[in-house]
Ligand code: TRP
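Below you will find one chain, with nothing else, as structure tokens; this is the form predicted on its own, and questions on how it binds or moves follow later.
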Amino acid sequence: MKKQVIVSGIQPTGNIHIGNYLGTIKNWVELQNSGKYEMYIFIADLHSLTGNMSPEDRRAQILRTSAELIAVGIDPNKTTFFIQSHVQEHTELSWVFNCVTPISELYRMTQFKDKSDRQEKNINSGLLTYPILQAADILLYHGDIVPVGQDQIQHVELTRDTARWFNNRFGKYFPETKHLLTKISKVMSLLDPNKKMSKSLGSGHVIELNDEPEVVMKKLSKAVTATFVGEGAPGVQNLLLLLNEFGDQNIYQDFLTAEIDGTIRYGELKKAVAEAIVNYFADFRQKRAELLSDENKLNEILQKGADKARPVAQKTMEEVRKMVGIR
């Protein structure tokens, strides 16, 4: 029986933090290792062009993100892992989809509004049309499933609509991709636990997977526990969540009980969370450093991934060109 195809990508816009890991990447690794799916995971470097990163930073970050994904568990022997721009058919299919997608649908996308607000001085056309490129990323490999959180469902719906628009106009060809709603542990900012953990808030708000032990300790020592916004203490709940994900379950249960009966010591909790995260990602930090110390080997891995993805993409485009009448 043919395996269902899963396609997903990540922009190289900064080092991976624990919010990215728990929200997306841990699930990718679990799906990969289940052996149930044919996996395509890519570095979305073309999507990153909509932002404000310099060319030099982008080149370096593409390699860092690639190394981090491999170090955290994406296995190039199990997953087709590559850089988006190395397979040119992504952009060609995107143009075809541009020509079947009503522009009114793009203005409905909530992330266009969000991204425009964040970069008021660079509201480029790519911010509006990048969901079409995202649809091309998925449908180029006839993706059946895209694992997402609740805030990404709208993009999968547009991908499904794009397939329908194409199929209705040129004949049934693309699958109607479905979303796989994953259980996501919503990690909050260390310094403002009423906001989701994000690099855009500042380095003190996030813990990156490659942070050295002393950096993790320092960041967590400053983590907010008491707040006066809303009910409860979201900062404490955030730390307990991290301890539950990365630490010993007996230690987690002890702190959970102490929180319930009012005997918890927040300094001890922060120390326990820091130690748990440092230990959990120790192997990751070592493997990341090894990969980045040999860029030729890393580039070879990425090239092999592109070489594996390209024939699938080329076959799709050969058939699409005939269907739309340009061959």
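Residue positions are given as counts along the sequence shown, with the first one as 1. What you see is a predicted model, and the numbers here were worked out from it, not measured in a lab.
The discussion below concerns the form predicted in complex with the named molecule, not included here.
Although the partner is absent from the chain shown here, 42, 134 and 137 each have a heavy atom within 4.5 Å of the named molecule in the predicted complex.
Heavy atoms within 4.5 Å of the named molecule in the predicted complex are found in exactly one of 253-261, 236-244, 141-149, 160-168, that being 141-149. Remark: residue 15 does not count among the residues lining the named molecule in the predicted complex, judged by a heavy atom distance of 4.5 Å or less. Among residues of the shown chain, residue 316 is not one whose heavy atoms approach the named molecule to within 4.5 Å in the predicted complex. In the predicted complex, the named molecule sits beyond 4.5 Å of every heavy atom of residue 26. Contact annotation: residue 130 falls within 4.5 Å of the named molecule in the predicted complex, judged by heavy atom distances. Contacts between 7-27 and the named molecule, taken as any heavy atom within 4.5 Å in the predicted complex, involve 7, 8, 9, 10, 11.
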